[in-house]
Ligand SMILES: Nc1ncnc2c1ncn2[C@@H]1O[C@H](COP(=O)(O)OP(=O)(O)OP(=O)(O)O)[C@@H](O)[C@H]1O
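What follows is a single chain, given as structure tokens, in the form predicted on its own.
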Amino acid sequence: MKEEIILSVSNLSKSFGGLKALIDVSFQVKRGEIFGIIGPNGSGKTTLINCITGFIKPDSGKVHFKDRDITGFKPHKIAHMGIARTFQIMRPYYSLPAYKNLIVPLWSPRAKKLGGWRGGGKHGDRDTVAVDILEEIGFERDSRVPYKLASTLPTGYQKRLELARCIALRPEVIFCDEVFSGLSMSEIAGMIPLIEKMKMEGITLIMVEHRLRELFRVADRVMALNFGEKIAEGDPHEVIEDKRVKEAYLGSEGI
């Protein structure tokens, strides 16, 4: 049985003034896999995510999601189609309790269209669903943590909250931008089973990461960028042994 290509990026380029942030980047992601994007600072990783998810319009190239051209679509339209993302700089509703952060995606057109969240539309029931989702990703249900203001949560919980908001949209693809960044080893150890669980549930994950050892524990394939260009793609352990990848990281990060 042929594996389905859920996301296809062709010759994507983006410049900011005289700076070429992306240069003819192409890759494909199969449904249900974990695809890593690596590279030193300034290599174009976040710009690539922003172009795919509609936060930046590429200068040239195409993005296809399930054979549909979504190049240049607005972020809300892309989210409605089934692509969600986290942010490297977390963006919760700081003045709301953690569980209330999920009410917006639970009321989104996509979530309402797909249905399946128990509750039938009542606010109270959606509050329960929100707490259920937080519990699934590691919030202690019987504690006060789901009810604390998002602004008071430690980094580890805020990272989980970012993922929870994505899950509430019922996406097919989630872009994770530095989801391990700023976490302790014990927090990462708790995050990895969540990522593996999402894959088992059929969600395709595209992970931008600097924490390579941790990424390689879960990634099926990785792509390496440097100065906006793709320099390698394939099995994680083969990519990291590529001469160009080693040169890109030399002196900038331990591997």
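Residue numbers here begin at 1 and follow the sequence given. From a predicted model like this one, the values you see are computed outputs, not experimental measurements.
The same protein also has a form predicted in complex with the named molecule, omitted here; what follows describes it.
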Answer among 60 to 68, 211 to 219, 45 to 53, 186 to 194 for heavy atoms within 4.5 Å of the named molecule in the predicted complex: the stretch 45 to 53
Check residue 32 for me: does it contact the named molecule in the predicted complex (non-hydrogen atoms, 4.5 angstroms)? no
Counting only non-hydrogen atoms and a 4.5 angstroms cut-off, does residue 21 reach the named molecule in the predicted complex? yes
Consider residue 158 of the chain shown here, and say whether it contacts the named molecule in the predicted complex, taking contact as heavy atoms within 4.5 Å. no
Report yes if any heavy atom of residue 86 sits within 4.5 Å of a heavy atom of the named molecule in the predicted complex; otherwise report no. no
